[in-house]
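The chain below stands alone and is given as structure tokens, in the form predicted alone.
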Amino acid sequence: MSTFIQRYTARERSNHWIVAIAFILAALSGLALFHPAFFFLVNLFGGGPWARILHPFIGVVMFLFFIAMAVRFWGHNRITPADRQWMKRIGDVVCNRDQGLPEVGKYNAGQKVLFWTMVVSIPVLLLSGIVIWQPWFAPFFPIGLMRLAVVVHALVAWILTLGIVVHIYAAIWVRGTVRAMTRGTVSEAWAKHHHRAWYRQMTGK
């Protein structure tokens, strides 16, 4: 019979899912406003005007809850020499060749890269979004800055979306990972295989 280790508390999981849902809603409404080919997505928000109105508010919610999550997980996401070695052997990781790989803590280097990508990109999205937020803030900025903000906002949004897509794929690909964010626990076998250093820390084994 499998034994389980707690990986996330209920509060941590709630925080994660609020950020995740806000990101999905912001991405869908943003796509709807980004290109006519995606305009049909406005129907999810009650039409074009409501998509435009709700998009920035959803972004603010995502930012606030992400800040809470980032503060909580900051210490676990520091890049270490072991992480750099792990990244150099990413081919072995993808092919499930684990022999000789450095032991992984609570998060592997790929997860840490996504974390820091979010730490940089989400505030940039907020700041660039404020510059183009009609009708509240945009009138206070020069047109040149607004045009630059539109480009930065779209580019960073695409980078973040790509990172999140990879994150979702990896969570599904590595069996047992989704359980951590739905039930809060992982099996000892999963922890020992994928995050051995964290497993030792949690169990003393």
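No experiment lies behind these values; they were computed from the predicted model shown. One-based numbering along the sequence shown.
Not pictured, yet referred to below: the form predicted together with protoporphyrin IX containing FE.
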Subject >> 4.5 angstroms heavy atom contact with protoporphyrin IX containing FE in the predicted complex for residue 107 >> reply: yes
Original post:
So in the predicted complex, does residue 167 come within 4.5 Å of protoporphyrin IX containing FE, heavy atom to heavy atom?
Top reply: yes
**OP:** Please check if residue 44 has a heavy atom lying within 4.5 Å of any heavy atom of protoporphyrin IX containing FE in the predicted complex.
**Re:** no
Subject >> Non-hydrogen atom contact residue 126 with protoporphyrin IX containing FE in the predicted complex at 4.5 angstroms >> reply: no
Original post:
Which of these stretches, 130-138, 82-90, 96-104, 67-75, has heavy atoms within 4.5 Å of protoporphyrin IX containing FE in the predicted complex?
Top reply: 67-75
Original post:
Just one of 156, 58, 180, 149 has a heavy atom within 4.5 Å of protoporphyrin IX containing FE in the predicted complex. Which one?
Top reply: 180
Subject >> Heavy atom within 4.5 Å of protoporphyrin IX containing FE in the predicted complex - residue from 145, 54, 162, 171 >> reply: 171
Original post:
Using a 4.5 Å cut-off on heavy atoms, what residues in 2-23 are near protoporphyrin IX containing FE in the predicted complex?
Top reply: 7, 8, 16, 17, 19, 20, 23
